[in-house]
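Below you'll find only one chain, the form predicted alone, shown as structure tokens.
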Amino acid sequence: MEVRTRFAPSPTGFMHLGGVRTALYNYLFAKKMGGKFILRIEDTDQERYVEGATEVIYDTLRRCGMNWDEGPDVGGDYGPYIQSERKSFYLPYAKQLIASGHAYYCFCTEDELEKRRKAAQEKDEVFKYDKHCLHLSKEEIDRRLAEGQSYVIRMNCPVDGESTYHDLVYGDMTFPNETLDDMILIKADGMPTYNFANVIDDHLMGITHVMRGAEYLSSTPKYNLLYDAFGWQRPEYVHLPTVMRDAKHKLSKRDGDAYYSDFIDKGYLTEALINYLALIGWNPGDDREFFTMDELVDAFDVSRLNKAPGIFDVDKLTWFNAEYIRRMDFDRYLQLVTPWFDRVLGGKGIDYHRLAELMKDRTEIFSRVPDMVAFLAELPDYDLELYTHKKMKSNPEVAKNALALCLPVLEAIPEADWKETSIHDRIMEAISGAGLKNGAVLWPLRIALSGLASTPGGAMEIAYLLGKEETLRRIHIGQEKLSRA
């Protein structure tokens, strides 16, 4: 039997990280088993539909390296792969269930249902549909249909006994049937509900393994009732642990940590994000942490999925991201970091190649880069206390002498010879000639040029990046600040 998994998102906005991980596990399992990964767009909820969201789904999955074998834009033998284009498929199946007694027409209005909900609330009861329309006679149903009355089609769930199924992660799951509601299968607009279309499409598309979030554990008995009513084989179920922000909270849009695009916009790498997501709820059984997509496919095993919710630790993701950047080819790093340099250094004539060499091992997230290099664009206002450094044996008085030593040395370097090696050699020669310690000169020079205690590169590198004119200007500013102290 060929393994067939599916990812079936609704086009309601950006891709949630939980959805990306669900897609990833479906993809990994299908590829590990030599099967097919299917993409299906479930757009039956037209009220929540967002224009352009389908393209966002395509783009996100492709950027993550999860190319589907069948889907809306690549075709396949089981199309269409967009539910709204399959609308004519569902009503005949619903009517088949009516004929077999597993479903029924419901003509209750929203006002009538709302009154019953309120009545249940007043009794402190959980509302579920009371099967009112199940007892309508055939003549009454035919009359209402002939009059064109609005209706939905509801599933006729059993009220006694229990429903049991096996999940490959959670084991045998049993639910009392009295908790099952007669869910709507076909809405008043003729469109199927998610729950109904989901089952029909999974069967017609030959889905063998349904991998989805653990929130569907309690809904699965209703899906199985449909499979059984049609006489279809149930798929294997793999319910996935929830992705949480912490022990009590799910990832939330409000905190900017819910969507794939949130993290890409912050400057995280897709490959780092995918690698980390794979490990939230699953482990490879050894101490490996870094995987390519092919390595994830090879290592993936459903038996190593966890039951407990997985915590999405942003600090851990940031560590992953920094490691990916450190291991990255330099040319790719330069290409990726250049737009972030441009945000604050565009038009300044800074040597990006050299700056990238200094920044590569210091970069954790690309969005932090502009703040880290902004001092090259404009000298920040800094406190004279920065000149004091016990280990470097520096203080404001020492700094005055250090800058006085450096200024004529740097002024003497020809513009055409303003290179890092030239700056280094001449400054070091001057320090040696004056019989001073390196730190007592280089620390004050770094502060004067950057206004910061921590910078990519030291005084020589900063002077080179700034250029001769700006370097001398900043030393003069430093001298003025120190003379006023």
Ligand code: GLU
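Throughout, we count residues from 1 along the sequence that is shown. Worth saying up front: this structure is predicted, and the values here are computed from it rather than measured.
There is also a form predicted together with the ligand; it is not shown, and the following applies to it.
**Q** Since exactly one of 89, 78, 216, 170 fits, which has a heavy atom within 4.5 Å of the ligand in the predicted complex?
**A** Filtering the options by heavy-atom distance leaves 216.
**Q** Could you tell me which one of 194, 232, 175, 290 places a heavy atom within 4.5 Å of the ligand in the predicted complex?
**A** Looking at the other structure, the residue within range turns out to be 194.
**Q** With the partner left out of view, is residue 389 within 4.5 angstroms of the ligand in the predicted complex by any non-hydrogen atom?
**A** It does not: once the ligand is placed as it appears in the predicted complex, residue 389 has no heavy atom within 4.5 Å of it.
**Q** Just checking whether residue 42 would be counted as a contact of the ligand in the predicted complex - the rule being heavy atoms within 4.5 angstroms.
**A** Residue 42 belongs to the contact set for the ligand.
**Q** So in the predicted complex, does residue 212 come within 4.5 Å of the ligand, heavy atom to heavy atom?
**A** So residue 212 counts as contacting the ligand.
**Q** Out of 7 to 37, which residues reach within 4.5 Å of the ligand in the predicted complex, heavy atoms considered?
**A** 8, 9, 10, in sequence order.
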